[in-house]
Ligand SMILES: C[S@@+](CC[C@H](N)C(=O)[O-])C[C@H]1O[C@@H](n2cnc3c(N)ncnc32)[C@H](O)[C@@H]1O
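Just the one chain here, laid out as structure tokens, in the form predicted on its own.
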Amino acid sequence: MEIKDCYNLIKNKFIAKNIDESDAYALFDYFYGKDFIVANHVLNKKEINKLLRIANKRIKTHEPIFSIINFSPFYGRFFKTNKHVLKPRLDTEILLNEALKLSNNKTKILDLCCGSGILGITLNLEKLCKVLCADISNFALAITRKNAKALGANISAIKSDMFKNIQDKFDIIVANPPYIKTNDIESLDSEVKNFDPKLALDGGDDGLKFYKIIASEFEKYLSKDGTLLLEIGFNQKNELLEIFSEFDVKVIKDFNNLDRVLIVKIKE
């Protein structure tokens, strides 16, 4: 079977079950690259069966495609992920792009709550920044280190409960902390609440627990003229402007015109 025919077969299976056809594209992109649709490639029986097993599991269990293959795309690369780390979202590229604008090969960056390391690793690969990734989860740090090795990134990774084990100052601090209210987690889409770790979702009773910690401590770890970049929930802008009221703050919107990134600088 030609690859395009297998793709169309799985795409149509997904559409028939009200699963977005982008899942089919993602599956083939991972195994065969973005140009698979025009590739003159004939799949053997083993390849076809593997793809169909993944597709059928997606249909039967509702498990997200990236949870099944344990790899997720971010900024043109595939990062290893598993049940212990949040799967990358496209919106996080908004945060990354803001950090890239401020970075060069001399920039020192802290990726706080790093998860699978997508931000810190990408910044190192794109700009050769000096990056320290930090997370409270040993599982997340193991994934970060595996991703760095697989992708050829030169970063460091340490275990730290927020800033507890951080001792240096950085030109940029990036963080995508948990920001879902505890009581809202059960109402999330099943593909999120059942397959993303609660540790990476739960932002406390008001969803703002980790932003409050960051606001109270980040100055000690930010270089002069440095910048703090935070991903935020689309409905948290006003509360976060209050939490960071003593600083200069700018809000950036995402691809859907929703508030998504907080840019914070210390007032002179």
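No experiment lies behind these values; they were computed from the predicted model shown. Numbers for residues come from their place in the sequence shown, where the first is 1.
If you look for the form predicted in complex with the named molecule, you will not find it shown, but the lines that follow are about it.
Enquirer: Would you confirm whether the three residues Gly233, Gln236 and Asp254 all fall within 4.5 Å of the named molecule in the predicted complex, going by non-hydrogen atoms?
Expert: Checking in the predicted complex: none of Gly233, Gln236 and Asp254 is within 4.5 Å of the named molecule.
Enquirer: Ok, Leu128, Ala150, Val192, Ile136: which has a heavy atom sitting within 4.5 Å of the named molecule in the predicted complex?
Expert: In short, Ile136.
Enquirer: With the named molecule left out of view, choose which of Ser103, Asn124, Asn176, Ser72 has a non-hydrogen atom within 4.5 angstroms of it in the predicted complex.
Expert: Contact check passes for Asn176.
Enquirer: Test of understanding: in the predicted complex, would Thr107 fall inside 4.5 Å of the named molecule by heavy atoms?
Expert: Looking in the predicted complex, residue contacts with the named molecule do not include Thr107, since no heavy atom lies within 4.5 Å.
Enquirer: Can Ile143 be called a contact residue for the named molecule in the predicted complex at 4.5 Å between heavy atoms?
Expert: Contact check for Ile143: no, nothing within 4.5 Å of the named molecule in the predicted complex.
Enquirer: With the partner left out here, check for me: in the predicted complex, does some heavy atom of Ile172 sit within 4.5 Å of the named molecule?
Expert: No, no contact at 4.5 Å.
Enquirer: So in the predicted complex, does Ile155 come within 4.5 Å of the named molecule, heavy atom to heavy atom?
Expert: Ile155: no contact with the named molecule in the predicted complex.
Enquirer: Want to guess which of 23-31, 218-226, 53-61, 197-205 is within 4.5 Å of the named molecule in the predicted complex, heavy atoms only?
Expert: One stretch meets the cut-off, namely 197-205.
Enquirer: Counting only heavy atoms, which residues in 208-246 are within 4.5 Å of the named molecule in the predicted complex?
Expert: Only a single residue, Phe210, comes within 4.5 Å of the partner.
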